[in-house]
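Alright, here's a single protein chain in two forms, structure 1 and structure 2, each given by itself as structure tokens.
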Structure 1
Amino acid sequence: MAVRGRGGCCPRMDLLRSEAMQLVQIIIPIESAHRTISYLGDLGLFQFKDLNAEKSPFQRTYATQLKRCGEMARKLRFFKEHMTKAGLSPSKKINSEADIVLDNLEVKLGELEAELIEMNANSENLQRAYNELLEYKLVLEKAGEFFYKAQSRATDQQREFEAQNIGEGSIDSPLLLEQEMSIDFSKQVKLGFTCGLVPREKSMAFERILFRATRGNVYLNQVAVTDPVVDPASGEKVEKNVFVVFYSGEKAKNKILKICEAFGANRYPFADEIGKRFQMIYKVSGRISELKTTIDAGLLHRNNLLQTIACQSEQWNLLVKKEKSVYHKLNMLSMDVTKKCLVAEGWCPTFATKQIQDALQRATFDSNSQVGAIFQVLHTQESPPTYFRTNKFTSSFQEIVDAYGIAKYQEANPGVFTIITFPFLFAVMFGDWGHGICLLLATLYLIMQEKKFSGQKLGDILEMTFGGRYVILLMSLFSIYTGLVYNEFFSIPFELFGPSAYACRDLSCRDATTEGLIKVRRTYPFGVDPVWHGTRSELPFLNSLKMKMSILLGVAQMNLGIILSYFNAKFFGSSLNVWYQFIPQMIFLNSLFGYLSLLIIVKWCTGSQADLYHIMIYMFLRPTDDLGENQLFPGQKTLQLVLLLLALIAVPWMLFPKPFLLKKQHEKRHQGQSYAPLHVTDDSIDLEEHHDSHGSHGHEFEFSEVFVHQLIHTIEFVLGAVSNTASYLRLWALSLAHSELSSVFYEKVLLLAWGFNNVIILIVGIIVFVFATVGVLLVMETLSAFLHALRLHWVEFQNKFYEGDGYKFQPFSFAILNDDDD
């Protein structure tokens, strides 16, 4: 039975039963509604019900305020993006100054956003102009080199002609030279040209399109720019070529301009006279220097603004989140008929009644309201939410249970027992005190760095490991314990608790066998005698030990589950479940597998050579035959007959009475002969909830459905008693696998490398051994044993008593806002 807190701020923590909950109604004056919800959020012990579920978000009272908060949250995300780009991180310190008014914050955020947008626009324009000037300078330099080389070649050719023209009448002079030299230069066609940059990846296509569009009537020259150039339009670095295109005619010019535009080629003006060209280069260089200074000053001013924002962004962000969550909860409240009050309904623990009332009084006083909030408890048939108060140690164990299903309201919580049974069953499969120490050291590091890691965003795997650090802590401690029981330290036995009880009779027994060993001392005081390791009898001995131990542990845990079903039945007042579920289940399970466990213990105590397989098989096939040499104690045959008869009686005991009694109860209730409240038996509640899961009371009773449900439940338990017991043999199988893998890594890697008497081979062997131990035994085997222990708890243990069909208590709390996304 749960111990309930009786008010006050510090009631006892009780994990066996969830906290007693109550449905309450709070009538709040409008003038103090905001502050009331805010104080309840600080308290974090009230779960609101949505009383406006039929309304869309836009039809609710505080939709406008929510929209404002959303807009402010958008502005804060805008600031955060720019701070990230600038390499700034928001300050984690929250200034404990006077409260910030939301309206003032909205105005301030709007001004800061407008200023930042203007700065960004100016910076983009200046950066674009700067990049254009850099491209222009490259065009002037590269195209200027082309024109300079062309003019140099023309001058050299002219001088060559003049040097060769010695006499006009020379027989070697061309006949048409005189005509060529007498051409009127004013009648020559003057070629136009355009310069610019084109992306290098488009340069070949650019050249082909120019050639085809003008039918070859162009001359194109391209020069590759060594370093990537920042494109003014996109702001990205692009490899480009400087081009010069010569053309003739206005039509060719128009075609070339359109092609340049289509290929994203930036064109720039160019003077073919060298004097003007140098003058333009000088002007562009000066302009580049001025723009660079202006851009640097703008960036400095922008960074100063972002730095100012970063100092307060966390505080602003938290305030906006709080306000948004408060208005979201206010939208869940219904408006009173007079439109002067808001009505809230929700769940809270009974121990929090005084704290909530104090918060309501403070809100009324701080709001200067003339009317206080009214707090009243409502009576309902609705199932309350489930709330367990956990701490950082117990929360991870509770999450293991919650992953299977949330406990029904005040149902027995498996989490209490999971704290011990889960790490213990893990350790049975992982037993090696060397590996346990490695796990312990890793876990202690996580615990010592708890404050550091809890404030960081970790990866998925590391976050999961850090969250379960206390589970791993107990897993490692129990692994050390079971490792001492198995006497294995990286598969090596040690005489920690004294010398072995056995010794060699003579020197001829040193051949890895137990033949020739005699008991010379008292039994090894704790765990497995180290002499068993390395002998030919080691595997049969440990197999027998671990298999029998697995059955004992399994039967004990299944009995615990059935006993918890009794406490559930007593707590909920269901006598039917006590007499027709708990008792026959206990009889059936212990008549078969409880008896098997008894035989195992008697055999261990007496040292008998009886065959337990033979006993259990012929208990069913030939129950009246004499046991002969398999008899472990007097009266065993009679006991077996009685237990077999009880097991056979338990099956119809579970199957038939309960459906007929439920039918009889239903008929009495509807004939007015029984006025017992509906919560007398949880079976009737379950039945009604089965017909109507929304809380309305079902009036139909289908006897066939109830009987089939009970039949399925009976078959499931009878077959499950066998399969679940067999399932616990995984404890033996995984323990054996872990021990054998550890032995293989030690003997076939470490000892083999040691035998070569070579330092390099020994170092390589040690490295391989370490990586194999960490990767396989400390990671993969840990995960494997964890999953198997999880299955044993979810299926074999919890299905005996745990329904897990409840829903979690999710109070409105500001404490979890930092973990939520907008």
Structure 2
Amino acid sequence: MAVRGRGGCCPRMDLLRSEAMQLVQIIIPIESAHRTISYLGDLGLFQFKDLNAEKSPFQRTYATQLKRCGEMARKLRFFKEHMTKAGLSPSKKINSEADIVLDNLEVKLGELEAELIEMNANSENLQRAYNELLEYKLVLEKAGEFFYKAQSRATDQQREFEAQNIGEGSIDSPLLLEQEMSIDFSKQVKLGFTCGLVPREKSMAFERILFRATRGNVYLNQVAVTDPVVDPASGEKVEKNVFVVFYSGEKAKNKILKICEAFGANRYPFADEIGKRFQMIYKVSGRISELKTTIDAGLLHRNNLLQTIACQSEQWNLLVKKEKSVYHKLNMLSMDVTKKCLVAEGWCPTFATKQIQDALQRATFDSNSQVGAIFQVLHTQESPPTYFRTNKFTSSFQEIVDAYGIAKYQEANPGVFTIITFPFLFAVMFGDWGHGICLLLATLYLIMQEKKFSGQKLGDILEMTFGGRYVILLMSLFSIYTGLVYNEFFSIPFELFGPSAYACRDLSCRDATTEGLIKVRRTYPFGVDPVWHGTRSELPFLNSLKMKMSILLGVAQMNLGIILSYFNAKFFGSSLNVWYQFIPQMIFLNSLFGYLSLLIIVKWCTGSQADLYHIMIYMFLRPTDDLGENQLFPGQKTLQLVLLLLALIAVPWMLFPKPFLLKKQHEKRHQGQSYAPLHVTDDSIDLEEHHDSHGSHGHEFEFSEVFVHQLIHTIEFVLGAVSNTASYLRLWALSLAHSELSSVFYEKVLLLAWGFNNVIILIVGIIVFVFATVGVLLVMETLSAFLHALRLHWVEFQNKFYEGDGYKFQPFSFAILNDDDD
């Protein structure tokens, strides 16, 4: 595995077994505590245990500092909000003047916030006045228009009225107002009016309520304002109507005023004489332009302030986040009785001991502390966290395994094998070197742009693809390889490795089966002979090939799984698992399916025509019968009998001895423990005893439970051996589906379009072909093959050995902190 060589700097086996961990206690003098924690955060190799789990967050020692950090974070969010409103983006570059003390920063942030708030309040007031004036101007214009029209119409009407000199009842005047206006002129009754702006969506209800409240003794005229107006109170753009209401009487006026208030309708004073009106418009326009300059000046000032904040806010943000996380960790430490030092407990990998001690020393030195921190390894029965040192290449493969379950501490990690087997099994299903090259180009682009992409936020799908770029890289390389083996390039065969070995006997052999062909040269050197393509026997031939290949691959991978269980058993020193689990499992699987694989290979080598189905079925049904023409090698019958017997023996071997032996072991241990209490009291003086207490001492041994457990395991394995082998046939099925789909697209779309001899149809055909290839074959098929490969690893491979009940090592690290930036 050349690929693994890339991480060559690391010690051997570092991916197969997780790092050795130790539980560590650090006693830190209180004056250097903060610095120590932040140095540990820089190092990022220490996972703190919460020693104050029973305390609520605000009862902890550093709750006030946390609150202050929260407050500062809030201020920074406040700035950010205003910056995005003003269209500024915080600069990404971090200035090197890192020596900002938290207290100073707090003061500074407070000042800046107060300044900004004051500026906002000022500009808000101005803005409000400005918007009000704008509205006022609108009202003056629209209502003025209306008054002007009404007046001219009224005079017209009056002239008409006088000219015709008829009773008023016969005039079918369309508007109430005009009637009133005419009466107004004659009877000299003063009508009151009020005008303003009302939000358009409320205008209907407004009219209705006005009508109801005054029992219809009101005239309302509304004109829609075309552009949305900024509402002075809320500062949002709202569509509004200008309205004028006429009413008579003081009572009605009060009601109308209240209703206006209730609907958020802004009223404005209005003069009904034209001269005054123009004067007002002039005045308002003057005020508007004046205000505008003031507001602009204010905005400029504010933007300047925001600009200065923007170039540092990122740095401040980082600092606050760091401080917050440091105090958060400090809160996890328990206070010593003397209140002079803090006690930290946590996990760290053993290789990091030196680094951590260095960090502690530096912290002591830098904070001029008289006493150094004490670093002490504790012994515990608690299961340590699992930590794999991965690099950017291996991490995505490890993720595939972790998605199923985090490995138990130091158990064999399937991730190592996944690096090769996963892309390989994928490629078996995705064999087409044309498609492989497309994938390769896409993933190479991602890898080229690695630096650029890793810094920025990507979309959901792109993020996922980018994260798995190295997986895809290997997948595409392997599919080019399998594509060459299958001799498929968008379902077109190529004679890459020399000419085909077969030739036609005569001209009619196009429709013939393989028997119509004769071998003229040596066997085609690599992969499937291109001559198979398009023949009638293509499918039976490829199916037989791929099916057998799937079985071989499957049996090999399952054997690897079982062998890993042996390594696990050996590593954890459990001879029981070797003798009563590993060996019978090996025997069972290989005596049935290992034998099948042997037969496949023998058949391939000898070219025999024996029926393997028949052999396998009659091996169970009539093991003593003669094999007849299906015999592949001498002594096959005896071998079959032996294998069958071995398989039969292996089942009870798996089932019975282990639970009984476990019971015996437990009883033995229990006898020894009758003296234990005395021993424990001795230990209690020791500090370590305290830690032993969180570990589980001896668990209860329930024989029936263990037995049922073993029974389930055995049944699962025996049935699983059959069903898992069958499950590997998906390799063949998917690969078949892929090649058939691509040949359909090629023949039914591209060749069909070609056949018309028409440029437009050809172009359409090519477009359809490209989209079908990309959409269905490259995206959907990749996904489905990926999922099937995933399943083969999670279920068929990992259930042979993988416990996956560990928990991940989550060190306190500033580097991670920066990553999960929102």
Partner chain sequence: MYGFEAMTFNVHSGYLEAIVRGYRSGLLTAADYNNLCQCETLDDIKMHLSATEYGPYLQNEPSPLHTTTIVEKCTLKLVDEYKHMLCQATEPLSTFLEYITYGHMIDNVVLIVTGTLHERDVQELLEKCHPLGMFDSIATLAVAQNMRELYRLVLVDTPLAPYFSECITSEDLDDMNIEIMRNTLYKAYLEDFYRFCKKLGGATAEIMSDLLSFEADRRAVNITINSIGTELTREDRKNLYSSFGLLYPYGHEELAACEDIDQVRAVMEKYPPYQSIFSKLSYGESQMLDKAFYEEEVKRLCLSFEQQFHFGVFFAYMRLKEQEIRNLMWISECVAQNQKSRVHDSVVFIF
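Sequence positions of structure 1, starting at 1, serve as the residue numbers. Just so you know, these numbers come straight off a predicted model, no measurement behind them. Note that the rigid core is defined as the largest set of C-alphas that superpose within 1.5 Å between two forms.
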Task: Number of the structure representing the form predicted together with its partner chain - done: 2
Task: Chain position at the hinge linking the two rigid parts, options 624, 121, 461, 216, forms compared between the two structures - done: 121
Open item on the list: Give me the smaller rigid part's rotation between the two structures, in whole degrees, relative to the larger part.
Closed with: 9
Task: Cα displacement of residue 204 between the two structures, once the rigid core is superposed (Å) - done: 4.2
